[in-house]
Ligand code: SAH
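We begin with a single chain expressed as structure tokens, specifically the form predicted on its own.
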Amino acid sequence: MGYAKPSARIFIAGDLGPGLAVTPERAQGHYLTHVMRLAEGDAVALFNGRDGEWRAVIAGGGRHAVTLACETQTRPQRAEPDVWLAFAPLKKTPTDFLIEKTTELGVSRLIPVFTRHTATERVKVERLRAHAIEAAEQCERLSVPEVAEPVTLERLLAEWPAGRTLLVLDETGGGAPIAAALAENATTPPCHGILIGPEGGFSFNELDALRKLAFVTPVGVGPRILRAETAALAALSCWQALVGDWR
């Protein structure tokens, strides 16, 4: 017997499995019962980034909590593209937009990076993580990207893992076309990072230091000057189309 697709889908930090009872966070319970107006017996899709996606039903609820009972797995967990995005934080609304859309585009790790010309000095990581969770719920991916604590550019480069190429968007025009760079640096499976500079661009000294690193490949995304959030989406789209899961 087939089931109708659940109208609500939420991320759960705990384990999922047949017969397990799950208690979502209070805000999630409010969303299910007061926003979506679901009642006992209604279905909800659950995922945690480890156990695939599960169909659960509302088994009960009180004033402050809702209980969900896992029934069947609807999708198994599968490997996803491994691409990191390091970005100079923007103002609040553009940063929120960037987190949402790059989550939809399948980024696996988001790293806020402070550069010389970064426009903001504060990053509310928990808010960014909440945006990433909401975007993952909406786009039906099986995981939520990790949102790392902010680091300086110097620390990012000093701690960059061996074997992972870093594609740096070079707004000065000194980089190779991103498609050509991806073709030359593709690995199996691809293991890349992308670095997007601030609204004011990288400083001369930052670009000079980046170009001297063996794991860095400067790239360009065309003849037009793109806003930082647009550049991030353009680069990730190229990556997914050429070496990611759009192929």
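Position 1 is the first residue in the sequence shown; the rest follow in order. Fair warning: this is a prediction, and the values are worked out from it, not measured in the lab.
What comes next is about the form predicted in complex with S-adenosyl-L-homocysteine, which is not displayed.
Think of it this way: in the predicted complex, S-adenosyl-L-homocysteine has a heavy atom of just one of 137, 82, 170, 96 within 4.5 Å, and the residue is 170. Exactly one listed residue, out of 66, 196, 182, 56, brings a non-hydrogen atom to within 4.5 Å of S-adenosyl-L-homocysteine in the predicted complex: 196. Judged by heavy atoms within 4.5 Å of S-adenosyl-L-homocysteine in the predicted complex, the contact stretch among the candidates 26 to 34, 218 to 226, 48 to 56, 66 to 74 is 218 to 226. Proximity of residue 16 to S-adenosyl-L-homocysteine in the predicted complex falls outside the 4.5 Å heavy atom cutoff. Looking at residue 60, you'd find every heavy atom of it more than 4.5 angstroms from S-adenosyl-L-homocysteine in the predicted complex.
Although the partner is absent here, residue 201 sits close enough that one of its heavy atoms falls within 4.5 Å of S-adenosyl-L-homocysteine in the predicted complex. Using a 4.5 angstroms threshold between heavy atoms, residue 12 stays clear of S-adenosyl-L-homocysteine in the predicted complex.
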